[in-house]
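Encoded as structure tokens, the following chain is the form predicted alone, with no partner shown.
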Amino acid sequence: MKKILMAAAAAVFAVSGAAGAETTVKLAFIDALSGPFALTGERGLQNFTFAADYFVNNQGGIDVGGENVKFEILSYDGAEGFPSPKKSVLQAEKALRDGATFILQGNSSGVAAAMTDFVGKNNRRNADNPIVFLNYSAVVPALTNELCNFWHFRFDAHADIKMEALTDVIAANENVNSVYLIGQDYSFGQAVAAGAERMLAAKRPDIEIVGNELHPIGQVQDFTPYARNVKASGADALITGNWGGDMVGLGKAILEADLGIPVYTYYAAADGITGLFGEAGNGVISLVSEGWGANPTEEFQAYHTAFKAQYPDSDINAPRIINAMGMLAQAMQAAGSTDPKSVAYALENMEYDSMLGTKVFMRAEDHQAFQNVYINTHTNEGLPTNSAGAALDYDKSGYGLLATSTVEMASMGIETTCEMKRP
């Protein structure tokens, strides 16, 4: 097994004096930059830009096989009101004409499925000029199962890995005897609902699913009827995978309905969501995620301070972006090349010591990353701080996430149905 361990960035990514010609690797960020999910997309772009500078550009570049390599992030709007598979693929085609060799996308598993299909077909037609898809947030399990693709790598824990951790917490809560499910009506929302039903039935067969509603993604203007349905059902808890503008809208309805029950989520933080819930979220919102845990490393604390200095109105809303950029840079150095196929092989079975305080393992069988997963609670008390002493909050609200439990290398042994075909 290859081991590529991360030390201090200045040491690991130092430019060798022997480095000769300069090469710029273009990375195409394709996500919603307009419409109801624009804020999530804009924050993702900022996070990628900062991480690329931190690991590569601010070091003067990295030495890859004697060449001095730098990263350039190109950005493309993949939304038509909401994340659009068709438009995102058209933008990917434009990115290739612009010279991109790596695609960065994550918001919407529907888009990710179209993107991995596009990348696979493109690389079969253009075997000498392949591209690699780095998926930082699309978590439908199928992407590393029946839809797996050598050219696709997922850096986030997928929906079933997260639901496994979340349902452990719900099953242990003796006050929960009935649950209501609300989600967006596309592959991810459907996967969350199916996972919740299956895992709760196995762990707590006495828990009744009293509602299971899916709504159109990015199209609901008023979530009040959904919140009323939850209240009328008498549910003891709510589970939702909603994100972006849909989580903001659902959050407003939850607050107005005064449900008074715990809400178990995947993405109820940052992007205006934490600020929305504020005090009302204390002891109510639980969230499953990767991230920095309760005790962030000194390197991450310094990273966070520098990020906030550059983007004071933004947040690190997807910590896995840090791992994606760090692992990409190290894979290039290990391969001694920026060639996408060589980099893809170097990513396989990589063990990476992340500044987030966890190892990340990229499994070769399906290109699924494994790492620590945390159950977090929404709070304004006991939050860890960055190197400047500022709380690691979101939305400049004073509220953030405190990890209350850790699942180390979550679901590391989970099976995959992937039948990987390598070039």
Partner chain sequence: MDWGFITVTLLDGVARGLYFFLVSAGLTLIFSMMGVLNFAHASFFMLGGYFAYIIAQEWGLSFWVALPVVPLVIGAIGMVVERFGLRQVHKFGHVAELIFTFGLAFLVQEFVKLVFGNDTKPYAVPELLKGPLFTIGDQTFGSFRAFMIVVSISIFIGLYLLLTRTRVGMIIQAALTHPNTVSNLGHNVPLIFMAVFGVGTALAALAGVIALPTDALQPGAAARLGPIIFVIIVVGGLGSLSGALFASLIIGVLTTMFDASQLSVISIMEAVANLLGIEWSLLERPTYELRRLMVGDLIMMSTKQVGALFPYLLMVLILIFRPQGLLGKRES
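Every value quoted in this text rests on a predicted model; they were computed, and no experiment measured them. Positions refer to the first chain, counted from 1.
The protein also exists as the form predicted in complex with the partner chain; that form is not presented, and the subsequent description refers to it.
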Answer option from Thr305, Ser178, Thr101, Asn212, heavy atom within 4.5 Å of the partner chain in the model of the complex: Asn212
Contacting member of Gly275, Pro85, Gly120, Gly336, with respect to the partner chain in the model of the complex [4.5 Å, heavy atom]: Gly275
Output flag, Ser34, Glu197 and Arg228 jointly within 4.5 Å of the partner chain in the model of the complex, heavy atom basis: yes
Listed range touching the partner chain, judged in the model of the complex by heavy atoms within 4.5 Å, from 251-259, 287-295, 167-175, 101-109: 251-259
Non-hydrogen atom contact Leu383 with the partner chain in the model of the complex at 4.5 angstroms: no
4.5 angstroms heavy atom contact with the partner chain in the model of the complex for Gln190: yes
Contact label in the model of the complex: Ala127 to the partner chain, heavy atom within 4.5 Å: no
Non-hydrogen atom contact Asn282 with the partner chain in the model of the complex at 4.5 angstroms: no
The partner chain in the model of the complex - contacting residues of 141-161, heavy atom within 4.5 Å: none
